[in-house]
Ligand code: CDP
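A single chain comes next, written as structure tokens; it is the form predicted on its own.
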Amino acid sequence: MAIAIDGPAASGKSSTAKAVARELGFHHVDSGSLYRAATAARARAGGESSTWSEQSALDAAQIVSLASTEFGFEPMLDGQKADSEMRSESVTGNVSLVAKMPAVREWVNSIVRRAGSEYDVVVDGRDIGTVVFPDAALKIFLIADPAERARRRLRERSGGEPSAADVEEETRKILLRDEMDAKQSGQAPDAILIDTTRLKQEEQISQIAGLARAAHRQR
């Protein structure tokens, strides 16, 4: 069984999907982490991002692998954990560039589909309900106010409450990311839209887990 969770950057997809997977005893697959891993791998290969070609990104991504964990998978670079590298500002600034490359997208999608063929999965990212798992038993599309998404991202980075100026700057970056991502991803017609702006995470988890159990009963 596959549960697809899509939505824009910082809408809470990964943290919610991970928690839903734990709640249901499924495996969590974060497709966005694979794009970050591919971007980090390409950055390791050197050169200005303006010179990165689709083939060079795909070649660099061959050092990326998925390691199975109790409730999901973790991308590795050359067999080693590299979470801080994949979350760096450099990778964040270039991941949209790599993610829009068709060959890289198909490479990521093939890895995600393989995981879904072996496990019950909760998968988050973009195009999950439209391209990767168009027949998913449940499709969710999370949205949130851009300023709230900016606050969440800044809190995650620093662990503290961000200033108004920092929120404004991060909101600008998120809106720019939204504009770039909108050209290559969208909401599946049969996805359930959930606005998380004023929802606590436990409310999101409970709502989606309930929908998943209902979908499972219908199967």
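Just so it is clear, the structure is predicted and the values come from calculations on it, not from any experiment. Heads up: residue numbers just count along the shown sequence, starting at 1.
There is another form of this protein, the form predicted together with ligand CDP, and it is not shown here; the text below is about that form.
Undergrad: Does at least one non-hydrogen atom of Arg177 fall within 4.5 angstroms of ligand CDP in the predicted bound form?
TA: The answer is yes: Arg177 has a heavy atom within 4.5 Å of ligand CDP.
Undergrad: Using heavy atoms and a 4.5 Å limit, would one call Ser88 a contact residue for ligand CDP in the predicted bound form?
TA: No, no contact at 4.5 Å.
Undergrad: Would His27 show up as a contact with ligand CDP in the predicted bound form if we use heavy atoms at 4.5 Å?
TA: The answer is no: His27 has no heavy atom within 4.5 Å of ligand CDP.
Undergrad: With the partner left out here, check for me: in the predicted bound form, does some heavy atom of Pro162 sit within 4.5 Å of ligand CDP?
TA: Outside the cut-off, so no.
Undergrad: Sort through Leu77, Val95, Ala144, Ala136 and report the residue having a heavy atom within 4.5 Å of ligand CDP in the predicted bound form.
TA: Of the listed residues, the single hit is Val95.
Undergrad: Can you tell me which of 188-196, 29-37, 45-53, 65-73 lies within 4.5 Å of ligand CDP in the predicted bound form, counting heavy atoms only?
TA: The contacting stretch here is 29-37.
Undergrad: Thinking of Ile3, Asp120 and His216 as one candidate spot, does ligand CDP come within 4.5 Å of a heavy atom in every one of them in the predicted bound form?
TA: No: no residue has a heavy atom within 4.5 Å of the partner.
Undergrad: Just to make sure I understand: among 1-32, which residues lie within 4.5 Å of ligand CDP in the predicted bound form, judging by heavy atoms?
TA: Result: Pro8, Ala9, Ala10, Lys13, Asp30, Ser31, Gly32.
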